[in-house]
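The data below hold one chain only, encoded as structure tokens and taken in the form predicted alone.
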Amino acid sequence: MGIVTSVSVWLIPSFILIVLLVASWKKVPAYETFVEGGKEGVKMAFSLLPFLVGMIVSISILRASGAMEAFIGLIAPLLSLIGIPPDIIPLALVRPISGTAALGMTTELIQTHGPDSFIGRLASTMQGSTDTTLYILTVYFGAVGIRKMRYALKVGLLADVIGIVASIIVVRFVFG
């Protein structure tokens, strides 16, 4: 058995043992503390459920309605003029909403066009250069009870736009 395998097999059990030993040494009721943390985690999960369901329903409606395809068809001539492949636009639009949906789109683009194609490289770069802004705001702000997002939404979406534009520029420059 290799060193990495040995470390990975023993790392978590060793960590748990160390936590239990320190808890015993400091006279902290480890099991009761663990159960209390579990209760808080379940409460948190249930409080996030409405926000997550809302996000999932919104994404499903957007994809099933055909609105995204219609929008892409509308702007495809403009995108072709400036050298942006229209196939990448659904990823750019969905990435701020859902990481899972964006990952599925990235996987589909790579399977269709290949990992070493311009679109495959652009999708991969875009996936790493942007974030799930709306998901983050919905889940994390909702979890702590923040109702007024103020500038967070604007700044987050601006950062996503900058990430998308930077991805296009970098991939065109490096792999162009």
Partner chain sequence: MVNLIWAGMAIIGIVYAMLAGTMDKVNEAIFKSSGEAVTLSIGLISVLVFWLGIMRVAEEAGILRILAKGFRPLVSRLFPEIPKDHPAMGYILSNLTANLFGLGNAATPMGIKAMEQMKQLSGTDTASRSMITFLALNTSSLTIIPTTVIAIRMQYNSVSPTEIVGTTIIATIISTTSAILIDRFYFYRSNRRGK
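Here the rigid core means the biggest group of C-alpha atoms that line up within 1.5 Å when the two forms are laid on top of each other. Positions refer to the first chain, counted from 1. In this text, all values refer to a predicted model and were calculated from it rather than measured experimentally.
What comes next is about the form predicted together with the partner chain, which does not appear here.
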How about L93 - does it come within 4.5 Å of the partner chain in the predicted bound form, if we only consider non-hydrogen atoms? no
Does any heavy atom of I97 come within 4.5 Å of a heavy atom of the partner chain in the predicted bound form? yes
Answer yes if any heavy atom of A76 is within 4.5 Å of a heavy atom of the partner chain in the predicted bound form; otherwise answer no. no
Considering non-hydrogen atoms and a 4.5 Å limit, does the partner chain approach I89 in the predicted bound form? no
Since the partner is left out here, which residues of 123 to 137 would have a heavy atom within 4.5 Å of the partner chain in the predicted bound form? S124, T125, Q127, G128, S129, T130, D131, T133, L134, Y135, I136, L137
Rigid core fit then V28 CA moved by 2 Å or more between this form and the one not shown: yes
